[in-house]
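What follows is a single chain, given as structure tokens, in the form predicted alone.
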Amino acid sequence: MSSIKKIAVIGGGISGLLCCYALAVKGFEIILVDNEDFRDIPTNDQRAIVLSEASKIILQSIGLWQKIQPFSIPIKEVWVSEKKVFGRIKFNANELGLGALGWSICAQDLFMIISKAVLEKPNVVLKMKRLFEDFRTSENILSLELVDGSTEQVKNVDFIVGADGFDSKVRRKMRLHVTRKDYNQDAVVGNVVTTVKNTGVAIQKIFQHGSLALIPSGDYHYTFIFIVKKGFFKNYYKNKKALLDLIIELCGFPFGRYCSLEVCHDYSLFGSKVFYRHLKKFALVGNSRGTIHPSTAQGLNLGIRDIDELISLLNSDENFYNKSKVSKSKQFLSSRKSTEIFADLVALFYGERYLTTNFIRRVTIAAVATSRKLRKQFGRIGTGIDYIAR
């Protein structure tokens, strides 16, 4: 049994709430700290989030998947191709012996399910509208700043988990070096309604200015995600007809006709890499630990794996520097680092338009399209099943 009893989770987003719930399920006393109150945040985020097979298994282990599954849609195939270029990759769940490559769920639904689950745990204490200020490790005292500028001290805190996002104050307290990467790309996310019920197929289409993903998010609904060169959609994303025409030009009508389109978000794309190590009384999960390019849909999935890894380490009651008995090669292939490298390569090949990257991207698509072995290897990375197998 771990000597750690009371844990403060800093950050009330999806990763923070998931971490809070997972640790509470394992019997830890939890203090959840956030500068807002998640109970008061308007939840109108209709975009689809894709949970990997690895995430599903981890969520099953903490008893949360049965609450999520009724609201999720299995993705059984993913088609990847480039406009006007020969070859199309068809990733299929059957090739990996899986029921699905991933599970699509509305962000609003996921947030509500996790929020409710956290509120039902009696061993969770909420410290809302407070900022993380300091943690005195020698005294196990957590200092929080209130709205009026005063300070609240919480005693007997054994461990801190930073889930406070890209600009993490916990990470700064840990004195970890971080590098920020500007992908020089913009993302436009929204939803489109079709006339044919989805069959569990997602599409990734590469074109001259970036890429488009269509992800099933309901019986007749799809989330679209454009990732394009910075400035390409300047004042353009507000033109729904222009966006719809571009979707039709790139994808045609694999799901029937398009009835309507709604734009939800637009933002510039940045990533971060943290020279990370667990400390005796600190850990990071999710975007606090590092953010990656969204084209591989791995952000939240890596956060869930961070939480699972943290629980294993806390329950082992060993210090965080002990090495796993798993071979180094298997450790690397199932690690966050390998997924980050994979996501960076995908971002490079999707984003850059030079002769060299064009050639490599097209050769890669052709090779993966014709090689079952390569498809399985790429599929294992995307689904995270190597992490589970380890």
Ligand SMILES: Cc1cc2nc3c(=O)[nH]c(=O)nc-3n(C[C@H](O)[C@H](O)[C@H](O)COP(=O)(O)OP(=O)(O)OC[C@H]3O[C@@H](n4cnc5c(N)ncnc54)[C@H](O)[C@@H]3O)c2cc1C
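Everything numeric here is computed off the predicted structure, so don't read it as measured data. Note that residue numbering follows the sequence shown and begins at 1.
One more form of this protein, predicted together with the ligand, exists but is not displayed; see below.
Engineer: Can you say which of 255-263, 79-87, 183-191, 240-248 gets within 4.5 Å of the ligand in the model of the complex, counting heavy atoms only?
Structural biologist: Only one stretch qualifies here: 183-191.
Engineer: Residue-level contact is defined here as any heavy atom of the residue lying within 4.5 Å of the ligand in the model of the complex; does I49 satisfy this criterion?
Structural biologist: Yes, I49 lies within 4.5 Å of the ligand in the model of the complex.
Engineer: May I ask you to state whether Y267 is within 4.5 Å of the ligand in the model of the complex, using heavy atom distances?
Structural biologist: It does: once the ligand is placed as it appears in the model of the complex, Y267 has a heavy atom within 4.5 Å of it.
Engineer: Within 4.5 Å, heavy atoms only: does E53 come near the ligand in the model of the complex?
Structural biologist: E53 lies outside the contact set for the ligand.
Engineer: Considering non-hydrogen atoms and a 4.5 Å limit, does the ligand approach S335 in the model of the complex?
Structural biologist: No - in the model of the complex, heavy atoms of S335 and the ligand never come within 4.5 Å of each other.
Engineer: Thinking of G99, N198 and Y387 as the candidate spot, does the ligand come within 4.5 Å of a heavy atom on all of them in the model of the complex?
Structural biologist: Heavy-atom distance to the ligand in the model of the complex: none of the three under 4.5 Å.
Engineer: Which residues within 22-38 place at least one heavy atom within 4.5 Å of the ligand in the model of the complex?
Structural biologist: Going through 22-38 in order - heavy atoms within 4.5 Å of the ligand in the model of the complex - the hits are V33, D34, N35, E36.
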